[in-house]
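Just the one chain here, the form predicted on its own, laid out as structure tokens.
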Amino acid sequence: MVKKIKIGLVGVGSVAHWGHIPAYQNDPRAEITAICDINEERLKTTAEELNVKEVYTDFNEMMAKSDCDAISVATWNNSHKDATIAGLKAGKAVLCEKPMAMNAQEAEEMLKVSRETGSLLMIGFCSRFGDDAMRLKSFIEDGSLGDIYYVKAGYLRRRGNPKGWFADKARSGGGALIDIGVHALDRSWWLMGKPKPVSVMGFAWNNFGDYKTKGEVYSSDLLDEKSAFDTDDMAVALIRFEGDKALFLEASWAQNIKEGLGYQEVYGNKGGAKLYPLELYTDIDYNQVNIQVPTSQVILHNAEIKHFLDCVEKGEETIAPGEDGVTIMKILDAIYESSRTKKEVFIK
């Protein structure tokens, strides 16, 4: 009988329940053997649902006692660093949810421990794992679009401001930008070939707070939590990279638009492309040609965690390493700093 990969979950809130747990259950190689959460009622309910005997309210105790092989960190953002470092030092492979940390300094600490221990550290950049994104990446890498010099991307909600810890900067580190904007930022940077960031001009606004819109309830499981509402509900940025490349990014939880949307546009000197659906724009024999590329529907967390388990089982190199998480955190920090100072911020 093939030995299962024992999984520990640190944080069993919403993202664990709709993302990590079903993804592990969907893969026959994995077995969830330990869970940890500071909410004892939720911990008990989840343990019963999963028939898990090992339960902890302290992740340090979990790392010391559990023989799990790998862990998913899906806590509040302000716990990502400590939970991840505890797992790495205990010899566990770690999949840490996005954003990697509260800031780049924390992310660098995590990466340092990963390098020192030799333990796998993968960041939960699940938007890289869509079939459309993967296919577009392959077209870029084979040179079909030429040199990618400009990208536009965004995730915009009309009314979708989460309550609870999401809107509390002390626990989240930021708002719409760090929560959903990070997906558009990371996927864009990855599609561009991960060029070195040079500088940022950014803007972040907190205009809506605890808005009251009839019929709109977002993250209803957090409505009983107190929220500071001191995070950004919208942010935009223009990011410069080495090689005269640029990215325009925008993200919102609340914005007066007709409807929410997510978009990704890529511009190269031989062709362009967009996602949702995946289309390519190029010239053939001096004729303009638009090509719609068929793609498969993929549950992003399933694909992400399959890759994580491949890395754990086979020693494969992850396509979402800690180094990438550090760079993304540096860009996020720079956007917030640029908004605060109203100046262009240069990235070291």
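The first residue of the shown sequence is 1; numbering continues from there. Because the structure is a prediction, the values reported are computed rather than measured.
Just so you know, the form predicted in complex with a small molecule exists too; it's not on screen, but the next bit is about it.
Here the chain stands alone, but in the predicted bound form its contact with the small molecule, taken as any heavy atom within 4.5 Å, falls in 32-40 among 285-293, 47-55, 32-40, 317-325. In the predicted bound form, the small molecule stays beyond 4.5 Å of every heavy atom belonging to Asp186. Proximity of Asp179 to the small molecule in the predicted bound form: non-hydrogen atoms within 4.5 Å are present. None of the heavy atoms of Thr117 is located within 4.5 Å of the small molecule in the predicted bound form.
Residue contact check for Gln25: none of its heavy atoms lie within 4.5 Å of the small molecule in the predicted bound form. Glu97 is the sole member of Asp232, Glu106, Glu97, Asp132 with a non-hydrogen atom lying within 4.5 angstroms of the small molecule in the predicted bound form. Site annotation in the predicted bound form: the residue of Phe241, Phe208, Tyr267, Trp165 reaching within 4.5 Å of the small molecule with a heavy atom is Trp165. Although the small molecule is omitted here, in the predicted bound form all of Val10, Ala74 and His301 have a heavy atom within 4.5 Å of it.
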